[in-house]
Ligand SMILES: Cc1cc2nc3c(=O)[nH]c(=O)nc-3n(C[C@H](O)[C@H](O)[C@H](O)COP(=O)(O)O)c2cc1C
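For reference, the chain that follows is the form predicted on its own, supplied as structure tokens.
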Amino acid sequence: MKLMEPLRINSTTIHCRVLVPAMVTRLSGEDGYVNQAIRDRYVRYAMGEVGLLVVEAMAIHGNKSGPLLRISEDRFIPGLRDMVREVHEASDTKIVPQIIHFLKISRRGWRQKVEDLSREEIKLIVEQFGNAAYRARQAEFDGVELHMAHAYTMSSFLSMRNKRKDEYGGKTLEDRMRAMGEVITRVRQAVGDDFAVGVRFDAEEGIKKGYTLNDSREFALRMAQLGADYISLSAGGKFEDAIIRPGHIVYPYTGYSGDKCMPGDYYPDGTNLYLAEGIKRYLVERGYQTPLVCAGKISHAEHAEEILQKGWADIIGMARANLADADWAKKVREGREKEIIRCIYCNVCKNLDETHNEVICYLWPKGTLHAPLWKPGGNPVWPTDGKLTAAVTPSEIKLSWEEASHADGVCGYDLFRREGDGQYEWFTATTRTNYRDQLAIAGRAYKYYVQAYTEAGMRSTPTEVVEATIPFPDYATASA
């Protein structure tokens, strides 16, 4: 299985192709230091044996931004080094920090933009990236990832909405890449040739008059030409289409571009894969084999493997899927895929980030701050057979079942659905004992069954199957 094969990235080798992208936790304090909660979160990922773990974005400068890790001064190095050591002790997982520069923003709506920066300030940003990357090496990370995606400074230079008029401006493609080129070059000078340097950027902005694949493939090519050791693709997450809430800091993931960045359950799996395919092909045609990371609603091992086999990407980025089950990679490696607690892409984690609350998963047991540890034990059991029932309305199918039991508690329920003579497929998960299938289509026969699961992913026997069909509507009678 290619997903579980190692991959060399500069002087380090990741033992599998599963990557946890940088994901805000809101667990740090405003002092910027690594605390126990932060260490516990990343050690837990490492215990799940992911290949590469990217620590949430940490600031290279001193601008205020609430609870945020910092790498802007040498005083942060000891805490970061301790975290790296604990991650390395937990497994063979490699770990890199994502380093970020962001511009100022106020609750009154004012937002600093790249056109407000002087040349001297741009030169300082370039130097800050280099210094922060050097600190990452001193902290004994396995590499460093440069944040050039979403709503932040480096992404804003690349943007077609860049309104600068000078050599860093938005009129030409070359000028939009200038700051990016200077940062990558300075970082390489700071860390040397034998330290992994990755770059994460938007393969598409997802906003009106924002750049698309036509530009992003050129950005990726330039990154490869400058010696980036891997390129990680995201999309969207921009301020320009964010929903404005008076009195609140603008959150750049509330508009359509936010959906592109973190597609919810109503988007198809692999929403942004066409971008990875296009960029990978463009690089290969020009002689570059730079490892490419794709992401965006990928949670099934067979889907991830298909992507790798087709050559659309070299590494699979899975943030929310690994948040839901930190043992995802370990379970796949051990052939225990049926025990995976699958992300349902409800985006509760995203909403917690938006409201500046600690980021947890909806599917975790209540009161849990981190993904639960695996515990040996039996399977959940039903009082009888689960007693699954289906009630049909003109527009949906309402399902309900018994509560299952287990010594360590039942974490949730997986719902499987079959349409007509097709195969049963995992449909969704819930922590409740009922579910309303609002995607059922009239005139089609559906069959369902439910399995309870523990926090370790141990499943009960399936309930008995229940069948239901919404009657096809009589539109003529309704309009009479």
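Quick note: we count residues from 1 along the sequence shown, nothing fancier. The structure displayed is predicted, hence computed values, not measured ones.
The protein also exists as the form predicted together with the ligand; that form is not presented, and the subsequent description refers to it.
A heavy atom within 4.5 Å of the ligand in the model of the complex is found for exactly one of 345, 239, 219, 195: 345. The partner is absent here, but in the model of the complex a heavy atom of 57, alone among 57, 27, 415, 411, sits within 4.5 Å of the ligand. For residue 296, a non-hydrogen atom is located within 4.5 Å of the ligand in the model of the complex, even though that partner is not displayed. The ligand is not shown here, and in the model of the complex it never comes within 4.5 Å of any heavy atom of residue 250. Using a 4.5 angstroms threshold between heavy atoms, residue 130 stays clear of the ligand in the model of the complex.
Contact annotation: residue 320 falls within 4.5 Å of the ligand in the model of the complex, judged by heavy atom distances.
In plain terms, the part of the chain that comes close to the ligand in the model of the complex, with a heavy atom within 4.5 Å, is 255-263 out of 85-93, 255-263, 160-168, 112-120. Every residue of the trio 234, 349 and 353 has some heavy atom no more than 4.5 Å from the ligand in the model of the complex.
Using a 4.5 Å cut-off on any heavy atom, the one residue of 185-217 that reaches the ligand in the model of the complex is 200.
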